[in-house]
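Here you get one chain, nothing else, as structure tokens; it is the form predicted alone.
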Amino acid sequence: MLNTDKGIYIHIPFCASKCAYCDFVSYAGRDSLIESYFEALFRQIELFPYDWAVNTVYFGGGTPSYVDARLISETLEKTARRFTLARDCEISLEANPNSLSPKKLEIYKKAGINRISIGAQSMDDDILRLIGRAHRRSDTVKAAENVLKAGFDNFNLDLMFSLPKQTAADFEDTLKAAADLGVPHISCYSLTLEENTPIYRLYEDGTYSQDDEIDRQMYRAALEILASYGLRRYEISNFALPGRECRHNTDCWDFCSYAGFGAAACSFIRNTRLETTGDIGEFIRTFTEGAGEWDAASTAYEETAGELAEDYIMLALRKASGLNESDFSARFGEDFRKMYTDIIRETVSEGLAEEVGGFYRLTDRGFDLAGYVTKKFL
């Protein structure tokens, strides 16, 4: 059965400072544009032309918790007016530990936000300094305590591994310290070196290096340690207690439609992908000077059936449940097994994948080589 859930993504591109590894569209020192940015954002939301019932709303960034909490509250109010939010709509907000005060949490809770995602990244103060994070371990502990006190029983910690000077033992300590906070969801991402970031230059000139074997050792530690706390892997980088999976991300991996609002926000509607300009000034000018279309500052790309199928496979193989073969056939009018007979046979025989109950999914070894497996289908 096709999943028809729809989601909303809202990009807040402002930060207190730029982290050394960050290649996202985010800006520090642009606070003078915050008010006018939100005015433009409200206008873009109002212009959306479809009557959508929405399953999830996600505030990402940047650092949404950096801006005045009343702006987040007002944005959610505008969103609720324009869309029909499901009674159990998951409404998430990304936050940094040092900008998540009890007062802000109170405002978020009253506004209807019911899930907080905290960008902890590490529980090691020396590593946090190296990667340009403004908070420390104690800030993360306090933020988690405040989240629970504010009545949020659904929250996430983002963690990173393969960071500069980080040993396997360091990451194991971070995993245990994070899980000890009672968090029901943890995301673990291996550091991706993005060009034009300060940390990339440090690796390029040989100051630091990455080791694939240590990277995999850290990932396997996450599997083992988080499982001991009851957090199961449901996607290659995400672990949760049963029922605490992030529905916004799950819907994206399930190939649901979503609309993105704000500078650099992306959308996927039917067979079209859209990306809004990442230039804050251009975004503001477009929607404060009488833009008549919600996608006036966006670039659109209509995908072919083949491209859509490849995207579907790439996303489905990230999930622990894998690719639903009947859903693939319903969407694309093709038999997955017949289309990819040789690849399926090869990957299963190599112990990289398995077929179980109508699903084609990666094994533990397959997740270690997920990029290698996925490329076979592209």
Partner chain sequence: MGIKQELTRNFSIIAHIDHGKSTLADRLIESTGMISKREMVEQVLDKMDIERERGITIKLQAVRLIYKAKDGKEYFLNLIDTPGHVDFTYEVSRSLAACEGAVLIVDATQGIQAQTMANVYLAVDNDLEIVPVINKIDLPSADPEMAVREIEDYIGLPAQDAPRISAKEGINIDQVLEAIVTRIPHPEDNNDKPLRALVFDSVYDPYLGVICSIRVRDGAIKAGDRITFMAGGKQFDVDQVGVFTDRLMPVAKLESGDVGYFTASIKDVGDTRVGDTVTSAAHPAEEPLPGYKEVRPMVYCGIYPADGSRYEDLKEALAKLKLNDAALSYEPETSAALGFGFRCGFLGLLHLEVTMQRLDREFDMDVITTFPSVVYKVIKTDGSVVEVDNPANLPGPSEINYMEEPYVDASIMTPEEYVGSVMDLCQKRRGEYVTMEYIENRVLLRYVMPLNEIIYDFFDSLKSRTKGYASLDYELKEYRRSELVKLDLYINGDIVDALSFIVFSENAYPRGRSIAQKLKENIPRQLFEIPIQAAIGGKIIARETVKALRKDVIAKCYGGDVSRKKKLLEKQKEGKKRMRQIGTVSIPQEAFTAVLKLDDD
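Residue numbers count along the first chain shown, from 1. Fair warning: this is a prediction, and the values are worked out from it, not measured in the lab.
One more form of this protein should be noted, the form predicted in complex with the partner chain, which is absent from this view; the next part is about it.
K.L.:
Just to confirm, with a 4.5 Å cut-off on non-hydrogen atoms, which of 325, 334, 311, 68 contacts the partner chain in the predicted bound form?
P.N.:
Residue within 4.5 Å of the partner: 311.
K.L.:
Heavy atom within 4.5 Å of the partner chain in the predicted bound form: which of 168, 177, 291, 266?
P.N.:
Result of the distance check: 266.
K.L.:
My question is simply whether residue 252 lines the interface with the partner chain in the predicted bound form - judged by any non-hydrogen atom within 4.5 Å.
P.N.:
The answer is yes: residue 252 has a heavy atom within 4.5 Å of the partner chain.
K.L.:
Just checking whether residue 220 would be counted as a contact of the partner chain in the predicted bound form - the rule being heavy atoms within 4.5 angstroms.
P.N.:
Residue-level check for residue 220: yes, a contact with the partner chain.
K.L.:
In the predicted bound form, does residue 86 come within 4.5 Å of the partner chain, counting heavy atoms only?
P.N.:
Flag for residue 86 set to no.
K.L.:
Counting only non-hydrogen atoms and a 4.5 angstroms cut-off, does residue 360 reach the partner chain in the predicted bound form?
P.N.:
No, residue 360 is distant from the partner.
K.L.:
273, 369 and 374 - do all three of these have some heavy atom no more than 4.5 Å from the partner chain in the predicted bound form?
P.N.:
Every listed residue reaches the partner chain in the predicted bound form, so yes.
K.L.:
Among 199 to 207, 75 to 83, 147 to 155, 252 to 260, mark the stretch whose residues have heavy atoms within 4.5 Å of the partner chain in the predicted bound form.
P.N.:
Single hit among the candidates: 252 to 260.
K.L.:
Taking the partner chain as it sits in the predicted bound form, which residues of 205 to 225 have a non-hydrogen atom within 4.5 Å of it? Please list them.
P.N.:
Stretch hits, in order: 212, 213, 215, 216, 220.
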